[in-house]
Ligand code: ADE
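Consider the single chain below, provided in structure tokens and representing the form predicted on its own.
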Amino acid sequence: MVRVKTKLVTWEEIVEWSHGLAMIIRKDGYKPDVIVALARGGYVPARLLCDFLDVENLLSIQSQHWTEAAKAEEKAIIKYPYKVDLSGRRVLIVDDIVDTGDSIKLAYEFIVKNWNPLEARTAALQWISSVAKFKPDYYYIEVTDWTWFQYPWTRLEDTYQFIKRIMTETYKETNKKKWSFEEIVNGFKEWYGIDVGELYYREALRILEEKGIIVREGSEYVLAT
């Protein structure tokens, strides 16, 4: 049984969703002078919106809530705050998804207070309406059932964090420390219901080795405890 409902998002879907979001914004008549990508998930959608909305100016700000895949910190924070004068300019703040809503809400409040825009609005490819405490001005897809969306730009990061979780949780439950590559792949598919492909599994295991979380013993991977 899948433990975390996960959707594997393709690059083609990202382009489609970004174009659809741009059409919604255009239809509403909002023409931003500056697009602000909410780092890190908002980078790609923001750049695509620049293209589809013909906006030249692109900035970014990092408002962080999720520090591990499918696990949130207690509160969002602005990392590396800075000031820029956007007087007289309309701003669009863009993220990939609004789940709790804390990150984009904090970024919006910070930008309005410190960057002095003429107007600021928010946009996301997806809005999880069942759990979000903040509704963006624009979104392309409303998600009513909580799902972890596995975007192309977080695929490796999510994969190694998911594998780490599988191994550590299984160790707590069964004391199992040694895994073959095939067991890890099968466990990944069972827990998350997706298949990211061999390249990502191999790269994820390499990173976990570098971090000292696992140790390679012949053809097996051993959880370092």
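All values reported here derive from a predicted model rather than from experimental measurement. One rule holds for the numbers: they count along the sequence shown, beginning at 1.
We do not show the form predicted together with this ligand, though everything after this point is about it.
- Contact annotation for Ile111: none of its heavy atoms lies within 4.5 Å of this ligand in the model of the complex.
- Although the partner is absent here, Ala120 lies well away from this ligand in the model of the complex, with no heavy atom inside 4.5 Å.
- Contact check for Tyr151: a heavy atom falls within 4.5 Å of this ligand in the model of the complex.
- Interface residue remark: Phe134 is not counted as part of the site for this ligand in the model of the complex, having no heavy atom within 4.5 Å.
- In short, of 111 to 119, 97 to 105, 80 to 88, 134 to 142 it is 97 to 105 that has heavy atoms within 4.5 Å of this ligand in the model of the complex.
- Residues of 126 to 140 placing a heavy atom within 4.5 Å of this ligand in the model of the complex: Ile128 alone.
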